[in-house]
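A single chain comes next, written as structure tokens; it is the form predicted alone.
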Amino acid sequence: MDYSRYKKMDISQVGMGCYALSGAYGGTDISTYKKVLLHARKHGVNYFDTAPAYGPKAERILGKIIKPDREEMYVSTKVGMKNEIEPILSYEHVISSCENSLRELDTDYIDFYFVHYADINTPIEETLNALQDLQSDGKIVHYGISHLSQENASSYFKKGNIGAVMMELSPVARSALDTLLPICRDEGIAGIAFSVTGRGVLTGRYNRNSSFQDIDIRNIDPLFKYTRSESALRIVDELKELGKKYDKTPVQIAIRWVLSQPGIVCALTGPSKKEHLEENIGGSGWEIYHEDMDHIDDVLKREDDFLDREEPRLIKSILSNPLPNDSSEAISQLVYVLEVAAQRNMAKESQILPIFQKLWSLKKEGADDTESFESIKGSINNILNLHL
């Protein structure tokens, strides 16, 4: 394991995220997961990430695991989610949420405290005042941002003292290379990459016929659907081939590629098995030759061209035709459109977020009436009309 030096901290290049405890990828056995966390600690991982939104026990479980070596560990958690979907970043909520996280983690301080999602109803200045007060009181060491658009991130950079930025980054999710990561490099701020394994797609263990548990979020994840899935599987094939040269798996090549991006301090992975953890750790401690990095870049440029050409056609087709009668497929199509719209700056975050919240609420309620989903499609059409 190699370590990144940042603000007098030596942070393991491969970190451990606890998103799996949320149940997003199906059921997780708690006792097994605790063993994986302990295994991570023993293998040199010293950066652990969690959030209240990952479930009622997520912070508590992590707190118990790291307590014996707390001073040698770096812990991040987040603020800003209410009822699993509603962003809330008021001064009072930020303060009370941090106090609760400190209790759950059984610690006196949090190393990195991240804004989880943007709250369009709370001024950024109010949120920053709370974060700065927590920092002054010694309850958090650094604060940062996560899951924010470039527009919102820029406001935080201008008005606050951001210590780190979490961003999705992998060979199959590359938008941060042109948005958040350049700002991190310019400002000397740590980039913390998440979903570096593409939520498992880069392991090479999935194909076009793979299926997931009913509650697994990958059933509607755009990365596992339509043109993005086609592109992802081609990229996996390229990484497999390159891995033969280095005696590495495709996911190890992918993690090494992420860590090779200037500005990235840590790559978060969230395995629920020891053997997968060890495989992920194997993404650190070696280098990809320049000519092979150039080859990967050429492959990714080709896939960017493919997506630039095909995704607008696909979302236009989705929005121009009746949605499927099957509610899960209708939700998948609408989530895909919203994701594309957000990443391609086809609408403002303040326009997209309320529509997504409404769609997610329908999903949680188990709604299956076509009229509701067609209404959401109409709302999306309204905000994207100028781009289609």
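Source: prediction; values computed, not measured. Position 1 is the first residue in the sequence shown; the rest follow in order.
Keep in mind that the form predicted together with a small molecule is not shown, yet the notes after this line are about it.
Note on contacts: among V94, I235, L134, M166, the single residue with a heavy atom within 4.5 Å of the small molecule in the predicted bound form is M166. The partner is absent here, but in the predicted bound form a heavy atom of S272, alone among S284, S155, S272, T227, sits within 4.5 Å of the small molecule. Partner contact region in the predicted bound form: 261-269, out of 261-269, 227-235, 99-107, 314-322, criterion any non-hydrogen atom within 4.5 Å of the small molecule.
Contact check for G200: a heavy atom falls within 4.5 Å of the small molecule in the predicted bound form. At the 4.5 Å threshold, heavy atoms of V79 stay clear of the small molecule in the predicted bound form, well away from it.
Though the partner is left out of this view, E303 does not reach within 4.5 Å of the small molecule in the predicted bound form, counting heavy atoms only. Mapping the unseen interface onto this chain, S146 counts among the residues with a heavy atom inside 4.5 Å of the small molecule in the predicted bound form.
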